[in-house]
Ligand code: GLU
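First, one chain by itself in C-alpha cells, the form predicted alone.
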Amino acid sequence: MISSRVKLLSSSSTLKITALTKKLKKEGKDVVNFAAGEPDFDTPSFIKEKAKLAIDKGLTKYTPSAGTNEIREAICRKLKEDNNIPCESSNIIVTSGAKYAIFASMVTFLDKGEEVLIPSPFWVSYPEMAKLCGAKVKVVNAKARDNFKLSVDSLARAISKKTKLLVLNYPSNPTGATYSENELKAIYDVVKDKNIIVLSDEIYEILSYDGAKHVSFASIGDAHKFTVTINGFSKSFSMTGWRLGYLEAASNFIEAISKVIDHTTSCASSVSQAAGLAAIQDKKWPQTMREEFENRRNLLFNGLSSLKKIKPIKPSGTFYMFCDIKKSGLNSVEFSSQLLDKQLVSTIPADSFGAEGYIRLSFATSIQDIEKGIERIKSFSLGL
C-alpha cells in the first residue's frame, strides 16, 4: 500500500536520538544533550510581542501564497544589503520553514533519473528529498584534509549530462565548515556554463565565527540567475517552532515554484510572518547569540582537544562540532549509543550524514552542560 518512493526513504537518525534524549530527560535522567538541532535560546520577547499583537489585530487569515508584501520587501532589503544578491520582492517566496523551501524547490526542478550532487558530509534530509522526487543522488565526498569542503576537482569529475542540481550548505550541518568568497568563485567557475541549478542553503548564515563574513553564492558573478538561495528565521532568531523560511530565485524559477506552494501549503502562518517581519528588522539580537555560540564553541573544542581517541574539528560556523572517533575502535552508532548509555551524553552518529567514523556534537546548550559533558566524554574516552 505504501508508494515505492516512500519505501526508499531512511528514517532520520537525528530525530530518533533527539526523541530518545527527550524520553530520558522526561524520566528524570540527567542527560547532557549534545544532539539538539536548534538554538537553546527562547525566541526574543520583541518578536513574541509582535505575534501577540498580530493575533489581537485579527491577522489570522490566509496571506498571499508567496507571503505578505511587507515581509517579502523586508527580506529583499536584507538580501540586497547583507548578501549582495540582486533581487526584487517578487523574487521571494516565504515558506513554512526553510526545510519546505528546499523540498518545494527540488520538486519543481527534478525529474526522474536526473542527478543531484550532494557533498558529504551532508544534512540527512537532502538525499531523502531528492529520492522523493525520483532523482538520482550522487554523493561527492568532501575530505577531511580539505576541511570537509567541496573541492572543484571532485565537483568537476562528478558532473555528467544528467546533472540537474547541486546542493551547497554552508556553514554546514554537520561539520560547521564554510566557504570563502574565492572558494565560491572557484565553484561558480565550474558550474556556470553547465546548465546546473545551485540550491544554496544558508540557514546558518549568521553563525559564522572568527570575524568571517558570510558570502552568498548568488552574489558571485551572474549566479543569481541559476541559484535558489534558502534561508529562514529558525537559527538566526531561535524561531524553530514558528516554521518560517524563505527562498530567493530568478523570476522564471519563482513562477514555477509558486505553483507547488499554491497546491500544497498555500501560505506560511500569518502570525509567524508578522513575527518574522519584526525579527528581520533587528540586527543586534542575532549578533549577541552568535557571540555566545562562539564562546561555547571555544569551550567545547578546548575541552576535548587533549583526548587521544576523540579528535574535535573546530567549526567555522553553526553550533555543531564534528568529532573524529575512528581511534576509539567503535563505529559511529556504537560510539553514540554507548556514550548515551554509560555517561548520559547524547550525540548524533554521523553515518547518516555520509561520514562513518565521526559524531556530531551540538553546543546549543548551556555552559554548565558543556562543562559537564566534557568531563563525561573524558571519562568515557579513558574506558575505551
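This structure is a prediction, so every number in the text was calculated from the model and none was measured. Residue indices: 1-based, along the sequence shown.
One more form of this protein, predicted together with glutamic acid, exists but is not displayed; see below.
Per the 4.5 Å heavy atom criterion, glutamic acid in the model of the complex is contacted by stretch 120-128, the sole one of 120-128, 81-89, 133-141, 213-221. A single residue from the set K192, K149, K99, K309 has any heavy atom within 4.5 angstroms of glutamic acid in the model of the complex; that residue is K99.
The shortest heavy atom separation between F103 and glutamic acid in the model of the complex exceeds 4.5 Å. Contact annotation: F335 falls outside 4.5 Å of glutamic acid in the model of the complex, judged by heavy atom distances. Q273 falls outside the set of residues with a heavy atom inside 4.5 Å of glutamic acid in the model of the complex. Within this chain, G37 lines the site of glutamic acid in the model of the complex, having a heavy atom no more than 4.5 Å away.
Across the proposed site, T14, N173 and Y204 without exception bring a heavy atom within 4.5 Å of glutamic acid in the model of the complex. In the model of the complex, glutamic acid lies within 4.5 angstroms of a heavy atom of only one residue of 227-266, namely K235.
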